[in-house]
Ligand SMILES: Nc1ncnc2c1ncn2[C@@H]1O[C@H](COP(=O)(O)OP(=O)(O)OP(=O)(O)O)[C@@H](O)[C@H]1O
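Only one chain is included here, represented as structure tokens and corresponding to the form predicted on its own.
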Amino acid sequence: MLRDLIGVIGPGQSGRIRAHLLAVVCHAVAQGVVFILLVPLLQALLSGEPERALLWLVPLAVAAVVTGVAYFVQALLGFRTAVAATGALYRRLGDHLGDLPLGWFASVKLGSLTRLATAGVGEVTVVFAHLLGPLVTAVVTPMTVLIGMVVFDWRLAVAMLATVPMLVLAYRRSTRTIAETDADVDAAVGRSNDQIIEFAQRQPVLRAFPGGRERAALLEKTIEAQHEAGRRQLRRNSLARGLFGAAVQLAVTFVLAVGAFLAVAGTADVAQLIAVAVLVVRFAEPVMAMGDLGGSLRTVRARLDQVREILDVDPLPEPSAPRRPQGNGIEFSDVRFQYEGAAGPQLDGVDLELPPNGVTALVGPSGSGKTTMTRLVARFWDVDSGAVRIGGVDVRDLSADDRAALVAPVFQNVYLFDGTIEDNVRLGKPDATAEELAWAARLARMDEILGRLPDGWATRVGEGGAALSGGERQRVSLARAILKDAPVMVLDEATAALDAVNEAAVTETVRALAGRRTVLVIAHQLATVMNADRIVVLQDGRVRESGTHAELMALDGLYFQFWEERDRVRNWRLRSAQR
């Protein structure tokens, strides 16, 4: 298991971990020697030989001092190793998560990932501070005692050795039961965390519809299931530990019975047997601790497997010799892509060139592949076949830094971090000057927002931007993307949930960006679409039509139907019912 721990935490901690293990083994052996030296000391006292007892008292005292020093050293190394390993594992896990394709996060439950990345890491590295020492002691100290018993009476040593298979069997059964119940509880806690996070984040929806009560009832049911898993864990674990404890006591009773038989038969010295009996009892103490430690070790193993499962996810491969793009045009060359588990391809042979410094609008029904195309430009995933190129270079041949600098996305579901408006906009360019901030705010039409808010740029947005309206959040997100000043901007349904005023503001921003950078827009709003330099109509993962608004209208095809439908909906009027 230590090899697995080193593999997960990283080789940089291997020396520290091995030094800690060596200190733990030295302490366990020293403790076993103390137990062994009790036998001749007690034998001398019971035989009425105090002078000989004093002779044994000196090495016993030395061994006790060595044991104490060894315990201090191993405990100190244990805590230092735990702290260092925790930091190293957090860094490795964080770096790895940062390298994973963004599409991977869509399939992961936030509550489970959060628990693993916080409490889970601590449950792995706690082995150094609280588990490794007692566990090694529970094994090495009894082995040392067993070797000592061979010296004093080999028959009792054989009797003790004969109980080992029973103890191993009971230990395995106990730890298996504990591991099963711990896994059930962990799964139940993960489900509860997911439900609680969803329940907290979706309060507006839950309160607006009658079905919200059913979701609340589902949350209560999930929490009750967690409590039931905890009660079941308590019952089964108590029984498992009790059975293992009974097995240890049975082993001790057996060895003491053999000793009593030898004493009655007159084949062993009574004083020595009494001293050895004390040693047998001391032998049982660390063995008894193995029951609890085994369950905790199984928990560590489960967390270790979960962490390794994340670390085993392959990040997007980075090119060995990155290339630099020449320009900011975008090209899709026979692109095919299918989501894992999907019934069919999301993109099926897309060939498309987006001219540099132009505005291209993607339109089409839901599921036609529009959002997938924008995600592939940002390399959330890699294509199954074909290529996506920016500036003539396949995005797979760009370094992560170059790719990140090339694309500035604005998504429909905006997320703002808990801070000020300025903090969130500066994410686009942390070292931006005040003039650059003002320029980005002007283009994003944030002037009116900043002038209306008492604290202006210093206005706190709350977690997720909850203190701002949807339109305000969208314009902050747009300003952030503009400030980044990337040669490619992707707007994915950026105006879908906006009112007419905010929609007009975003549309004006898109027009202002025309000629400065390549803009890829997904929008259903007619004003945004019809003013694009080029409109691409997608259906079933394929490009069906492409051209300007006038050209596509003249075709009387899918785009014309789209326009007609939108125009008809736009002319809807609400009328009161006639009574």
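Note that residue numbering follows the sequence shown and begins at 1. Quantities reported herein were computed from a predicted structural model and do not represent experimental measurements.
The next section is about a form of this same protein that is not shown, the form predicted in complex with the named molecule.
J.: Is there a non-hydrogen atom of Gly369 within 4.5 angstroms of a non-hydrogen atom of the named molecule in the model of the complex?
T.: Yes, Gly369 lies within 4.5 Å of the named molecule in the model of the complex.
J.: Taking heavy atoms and a 4.5 Å cut-off, does Tyr90 contact the named molecule in the model of the complex?
T.: Looking in the model of the complex, residue contacts with the named molecule do not include Tyr90, since no heavy atom lies within 4.5 Å.
J.: Contact with the named molecule in the model of the complex for Arg375, defined as at least one heavy atom pair within 4.5 Å: yes or no?
T.: Yes, Arg375 is a contact residue.
J.: Could you confirm whether Asp402 comes within 4.5 Å of the named molecule in the model of the complex, counting heavy atoms only?
T.: Contact check for Asp402: no, nothing within 4.5 Å of the named molecule in the model of the complex.
J.: The named molecule isn't shown here, but in the model of the complex which of Pro365, Pro165, Gly462, Gly98 has a heavy atom within 4.5 Å of it?
T.: None of the others qualify; the residue that does is Pro365.
J.: Please identify the residue among Glu493, Asp423, Asp184, Glu331 with any heavy atom within 4.5 Å of the named molecule in the model of the complex.
T.: None of the other options qualify; the answer is Glu493.
J.: Where, among 390-398, 375-383, 222-230, 472-480, do residues come within 4.5 Å of the named molecule in the model of the complex by heavy atom distance?
T.: Single hit among the candidates: 375-383.
J.: May I ask you to list the residues of 396-414 that have any heavy atom within 4.5 angstroms of the named molecule in the model of the complex, in sequence order?
T.: Going through 396-414 in order - heavy atoms within 4.5 Å of the named molecule in the model of the complex - there is one hit, Gln412.
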